[in-house]
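So this first bit is one chain, no partners, the form predicted on its own, shown in structure tokens.
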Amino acid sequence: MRCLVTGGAGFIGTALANRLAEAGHHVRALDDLSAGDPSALHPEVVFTRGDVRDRPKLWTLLQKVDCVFHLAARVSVPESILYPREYNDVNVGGTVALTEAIRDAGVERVVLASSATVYGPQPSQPVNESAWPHPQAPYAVSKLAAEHYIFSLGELYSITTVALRIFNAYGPEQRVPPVHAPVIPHFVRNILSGASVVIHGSGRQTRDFVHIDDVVDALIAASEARDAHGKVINVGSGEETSLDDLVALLGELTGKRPDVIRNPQQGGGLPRLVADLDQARGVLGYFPHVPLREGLVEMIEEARVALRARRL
């Protein structure tokens, strides 16, 4: 398979591009490097720096491509509240520009990396794909709009389209930005370094943490599945974990006592969110195989190595 991974130097994009290259596929990766780092890409991945809205560049990269994995996006929920126009420009405008270019280049399939944030608060859990979305931030709105665009344009242009709503992905090589860091690598780093862990809200709010290997499995399955066209599919672990339980487990695995600071005055986001995986199992043959405990051990060991290197 010849494929293009947009956002190919990001956390999920790098893991996906590397897995595809290791399996012998021809992989092109596009990233504007606003948050990505191409240094971890497999040597066989052909990397191009550029914007997903750049139609001439897309035209060049899409020649003879069989499938596009569209991961390029701005991804911070808090940042999207400050800069909604930029999130709309990149996440929605980029999806439209890419789909137009896919049409013109004759690419047959596109897999969109969407987000579980589109669900917002839901009356019942686990949440399945038939639930009515209640996006509560511009990032979530932009992802929902991107879904509608690829499906509507896909029908008009005869492109096979599928959108994966990815829950809280984590794993090795996940970067920790100075602000709005993903919860697991942020907590791991702080606990190991002796810094405090701040929990906003009650700490009883739950999330579905899914390992990067499982996310990549689902993305690749979506590029091959016969019955995935026009479908939205959840990608998670199917396991519900509260932030309090996550901190307790990290304390057990690190052998340290986390210094927890609670901030009940600031909302902790959705009270519950966990994926119903029935459709993922039926359409993609997707069965997550990395338990949270195992994934956290891997993250802790990686963080320990990084901390030791910093002290040398």
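Residue positions are given as counts along the sequence shown, with the first one as 1. All values derive from a computational prediction rather than experimental measurement.
As for the form predicted together with a small molecule, it is not shown, yet the points below apply to it.
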- Message: residue 50 versus the small molecule, in the model of the complex: is there a non-hydrogen atom within 4.5 Å?
- Response: yes
- Could you confirm whether residue 32 comes within 4.5 Å of the small molecule in the model of the complex, counting heavy atoms only? yes
- Message: Taking the small molecule as it sits in the model of the complex, is residue 167 in contact with it (heavy atom to heavy atom, 4.5 Å or less)?
- Response: yes
- Item | residue 74, heavy atom within 4.5 angstroms of the small molecule in the model of the complex | yes
- Message: Within 4.5 Å, heavy atoms only, one stretch in 244-252, 32-40, 277-285, 260-268 touches the small molecule in the model of the complex. Which?
- Response: 32-40
- Note: exactly one of 175, 204, 148, 180 sits with a heavy atom within 4.5 Å of the small molecule in the model of the complex, namely 175
- Query: Can we say 119, 136 and 232 each have a non-hydrogen atom within 4.5 Å of the small molecule in the model of the complex?
  - Reply: no
